[in-house]
Structures are given as structure tokens and as C-alpha cells.
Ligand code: DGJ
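Next up: just one chain, as C-alpha cells, the form predicted alone.
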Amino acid sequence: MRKFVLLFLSLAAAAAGAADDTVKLDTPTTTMTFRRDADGVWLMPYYGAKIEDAADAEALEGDPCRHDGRIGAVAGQAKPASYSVYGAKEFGIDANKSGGLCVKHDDGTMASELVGLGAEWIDDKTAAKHLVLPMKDSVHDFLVLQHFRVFDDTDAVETWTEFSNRETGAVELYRMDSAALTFPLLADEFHFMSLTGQWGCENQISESELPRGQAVVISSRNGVRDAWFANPAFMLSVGRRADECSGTVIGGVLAWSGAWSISAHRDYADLLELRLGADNANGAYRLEPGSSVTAPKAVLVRSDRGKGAVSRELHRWARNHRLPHGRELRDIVLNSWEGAYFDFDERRLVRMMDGLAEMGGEMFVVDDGWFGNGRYARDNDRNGLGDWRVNARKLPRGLGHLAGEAKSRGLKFGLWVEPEMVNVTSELYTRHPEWAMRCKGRPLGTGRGGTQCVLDFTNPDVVDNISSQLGAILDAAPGISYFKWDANANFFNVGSPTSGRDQNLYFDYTAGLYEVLKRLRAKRPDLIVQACSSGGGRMEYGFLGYADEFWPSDDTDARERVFIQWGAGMFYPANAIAAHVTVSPNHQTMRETPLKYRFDVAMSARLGLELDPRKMSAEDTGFAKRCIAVYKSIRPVVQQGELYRLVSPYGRTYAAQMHVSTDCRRAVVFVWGLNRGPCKDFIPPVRLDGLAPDLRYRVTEVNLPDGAGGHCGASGSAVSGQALMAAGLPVYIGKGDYDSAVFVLEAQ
């Protein structure tokens, strides 16, 4: 709190003497301008393509109230405010009924008006520029700091807010958004795109027009699996509906792992308000006098070059500035789950390691079932959560020995954990039933297996205990280099037995979760962490501030994964998307697909396997070994290159995408067949993108089984980038429902 107030006072003092009330914030290709009006309110009159002089934007600034008096005051619903507030006057004629901040002050009043005290650039060694706009309520002693941070290597703009209560009593925050931007008149047409889905079909793309006078709202109140049903990310087409390569798009993501809400509201004057923030799902957040709270980061990207450009900017920001090891190549993982489930012992795991090593894999991960003892042994999903000590019956020589077995085979070693959960059938719950979330006066509800509950991470004792147990695991087996962090329940007993602050539970739980992750990162900075939550429930940038990758879905069917990974790639980079080759028929859908198809889909992200190598035929093992060798050669391009979506799987019987190295000298093209009708497709040439027009690229098809024919007559030829982008690559996908092809392009 003291740091917040001192920063605020120093910025306010600097701003008090500032004569310039106009500020310009530049990324490599975009500009934001801010202007303080006569009432002291910070406006954002311009967010668009880069301009050199902020005065130009001010000179061209529009006013939706000026329509020759024909619409007048009715049209002007909002100022283009940098941060909209409930109760603030707008154009001196109306009060904002929405706003990203809604405060019940200590005297019981609800209305707020924020007066900007100025602007200040602060020294931030992690960013190119860091702008802070300090604001204070005109009547109450309530402070707000609005942050904007930009970088030299991406058009992404980070923005967030801090709130400080200097009133004599507690205040209640009904809304406390990270960003609440009201844009000036941009267009007379908008389209909102986001991701939806549920277990087994995450990341399905949904897009619709944003009508006048209406709002689109996406949100989550799951508490844990916060990226289910909706993902905290969107793209908004400004004007006509944008495609991959053209159209104006504003994209945004919210870096938060709790309840959240994102909305886009278009009024009848076509002014647009975007709000991104944590959702106070359990009641207004209570902020005590002398206390402050910081909202999570929101990230905005704007482009006039379509949705693909927005994706690539977000990917670049994530790799360079968000993921803990964003610029490191990811290992090829074999996870034991679908190969063994709970049925394993040390001997079986070691034999699986042998198979992985033979194929050229790099990391072996033991999934659920390695912990718990006696009557709480984790032999099923009903026991043991919370007891993070090795099962002495299954693994009598411990995790350290198992990690040593992996090392002796040239493999790294990883482990599954579910630290946020507890079974009522566990030692931890038996000792501390008050550590589980529960509603006062109501029976305890249970989830998975009929025994699972969510731990109360608002309780410091729980945070300390789980942090200590995770640390002990790493101390006992220093060879552990990977955690698969799972979470298989939403909030359903929404109450804290110890905090007495149930209205703050959703927000404070997430803060406690981040504290555990921070301690884990401090203890083992090199640890690779996967965010899993019943599949894709933790595919968001809040958790990805501490994790390196995520599990996009428990559905490992390769055909379904084309859609799931396509949606994920709209906002998240390939090196963060875990994609595993599994058996056929698939365990979730019972669909049968060729092994080549499964590899061709999984190799477009972070390749892994989820099967028992001992059960593979010699032919399949040999083919897998060749595919893994190919993946190692193309891994830098796939994981660190630029993504171009070429042919969408939606409405078609095939899909195609490519990855291009940052120097444009190498590329990888993936083409996947989907379900087919009674007539074979003769697909048009696939027009490539992102290549250097003046370079010639040798085209080589890879991942072909022995004796199989190719899918492109141009394979082996050298063709100019210009021709590949203009005429396209002729590809024949006609060898059944799930035919596929992968091509490597190398500049000559």
C-alpha cells in the first residue's frame, strides 16, 4: 500500500506542474493518444495506425454530439474516455450507466468522477515505454492509477489499473476492470469473434455482428476452469468483417485465472466501449481503508492487416514477454496417462521409458496415480489428493530413482500434480477439513469421484502447506524438470471457513494461486510447467505468466484437434500448445485415424505422445522414430516462427496452415484432410504466405511412410516465394478421410 501511495503522490506532483495535456504512446506500427479535457478527464481520442504528431489526431477528433442538432444529446452516450466510470458525467448531459469502475464509497454513495492529475513516464527496464495516468475521484479520497506499457518488438499494449482506498471507511468495488476504454467513432459495423466450447471440444470459434445499442459479453465464473465455455480473449473487426489477411481488427486478452468478464458495447452513435477485467462473482470486492488492489493485465493489439497479424503480434508478445521460457524450444514429451492410467508400477514405467528413448523422445512424464498411501492410495480418482508423497507400493525406490532411470536413458523426467484440490479421503483433509472451500451452514458438496473439493487458497496456511509439499517433491527428486499442473473442479462450495471475506473469494483465491506459483518459480526457475484443467480449462495468459505451455483439450482425436488447435492458435503461440499422438481408435471418440495423420496434426504444435510404446508394432515404432527426427529438424520453425492460417477447417473438408522462420528462410506447411463427401475433393492450390518473394524455396514432402506416394508434384523442386504465394502449392489430398501432407521449404 505504501508503494502505491508514494508512487501516486510522486506522479501527481509531477503532473501538477505539467503544461502538456496531450500524450502519445507508440508501438512499432500503432499509436494511442491521450488528452485531458476541460473537466480534467483523460480521453483516448485516437488508437490506430502510427502517426507522428498527436496534434493531428486532436485536430481530426470527432464529436458524436455534433450532427447538426438532428441527434444532439441523445446520440452522445459516452466520452472517448481512457477509463470509463459509473456515475461520471459525459458531455455534461448524462451519467455513465456502465463503466469499468463502480465504487460504493464509505458514505454509501455510488457515483464516481475521476479527474486526471496528469501523466508520467516511469522507468521500466522490462518495457520500451511505461505510461501512468493517475486519477482521483473529484469528491472522495479514492485513487486510480491506469498503466500502459509497450515494447519495441511487438504492437501489443499491456494495460491495467490499480485502486487505492484513502477514505476513512471501507469501500466496495462492484466493478474493477483492468481496461475500460471508450473509443471515438471508428466505424458503422463491428463483428466480435471469440472462443467457446466445453470438455472435449474446447476452442471452437464463434463470430457474430455487434448490433447497434447492444453488447456482447463473454465471461467465466468457474473460478478454476476459467477458460472453459469461453476464453478470456477476443478479436473485434472494425468495419467489414476481417479475414486472415485484411481488415481492421482490435484483439484483446485478459491475463487472469479466476472469474472474469469481457464486453464490447456499441451505442447508437456507434461509439464503442471495451471492458476487460476480473469479475467480482461473489459480491462487491471489499477494500479496507489504507489498502490497494491491482487488477490483472489486459493486452490489446490493433492491426489493419487482418486477424492473422493480430495473432502473430500476440504470439510474439507471449514468447518475448509473458511465457517464463518463451524463447526456449520445448522437449518431445511422452505422458503416461492414456498409456497406463492408474495401472502402473516402476517396472512398467521404466519399460515405457525404453520405448520413448528408442523413438528419440526427450521427456517422460508420470501422470496421475503416483502418490498417496494406505487407504488413501491414489489407485483411482477418489483418493489421495492433497497427500503429495510418493506411493511406496507402486514406486518403492521413490521419485529420485525413477528420475535417475530416465536420465540413464537420456530422458528428462516430469510429474503430474493437482495442487489446488483435495479429496475428503486423504490425510490432508482428515487433519484439516477447514482447509477445503465450504459454504457456512450448508452440506459439503463434492466433485470428481464423489470426494473432490477445492482447497481454500485465500487461507495463508493452505498456501504455505501446498508450497511446502511441492518444494519437498522437488527436493526429494532434483531430477524433476516438468510439472503437469491439473485442476479438475470448478468452485462449488463458494465460501472460505477462515477468511471471513467471502465477497472477495474469487479474486483472493486467484491471488493465492499465483503466490504458490511464484514460490514454485522462485525455487526452481528452470522448471517447465504445463497448465492443464480438465483439458483446456487453463488456456489463458494469467496462468501462462507462470506456466510454459497448456493442454488444450483432453480430446486427443487428431481430427478434432485440427479445430481445437486452430482456435487456440488465434491467440496462443505454437510452443505453448501441447499436442500428443495417441492410439487408434482414439480413447475419447473411438475414431480410427492413420498414425501419419496423428503425427501430422501434432507436429504443428509442441509434439508429444500419450500411449504405451510397448504396444506399438515395429513398423509404427520405426515410422514414429522418423517423424520425431523430422520434428526435431523443424521444431525451431514451428515453435518460434510466424503462424499463417491458410485454409480454415470451418465449412471445408480440409485445412492448411504454415509456420515461417523469422528470417523467412525456412517454412513448414501442414495440410490436413477432414471428413469427406461421396466425391473426392480436388482442392485448389494452397496459396502460401509470409515468404520472401525474391527467394527460391526447395519444397520437400516429409513424414511419408515407406512405399507411399507423395501429395505434390512440386516436391523436390525449387520455386520462388512469389510464385508460391501467388499461384500456390498444388496438393492432392485424396487417399481417404484422413489423408494429410507436410512440406518443408528451405531457401536456396
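All values derive from a computational prediction rather than experimental measurement. All residue numbers refer to positions in the sequence shown, first residue = 1.
The protein also exists as the form predicted in complex with the ligand; that form is not presented, and the subsequent description refers to it.
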*asked:* Only one of 480-488, 596-604, 396-404, 203-211 has heavy atoms within 4.5 Å of the ligand in the predicted complex; I'd like to know which.
replied: 480-488
*Looking in the predicted complex, is the ligand within 4.5 Å of a heavy atom from each of D368, W416 and C532?*
yes
*Consider the chain as shown here, without its partner, and state which of F364, W551, F234, F507 has a heavy atom within 4.5 Å of the ligand in the predicted complex.*
W551
_Residue among W566, F151, W337, F623 with a heavy atom within 4.5 Å of the ligand in the predicted complex_ = W337
_Residue-level contact is defined here as any heavy atom of the residue lying within 4.5 Å of the ligand in the predicted complex; does R389 satisfy this criterion?_
no
*Do R521 and the ligand come within 4.5 Å of each other in the predicted complex, heavy atoms counted?*
no
*Does any heavy atom of K129 come within 4.5 Å of a heavy atom of the ligand in the predicted complex?*
no
*Report whether the minimum heavy atom distance between R448 and the ligand in the predicted complex is within 4.5 Å.*
yes
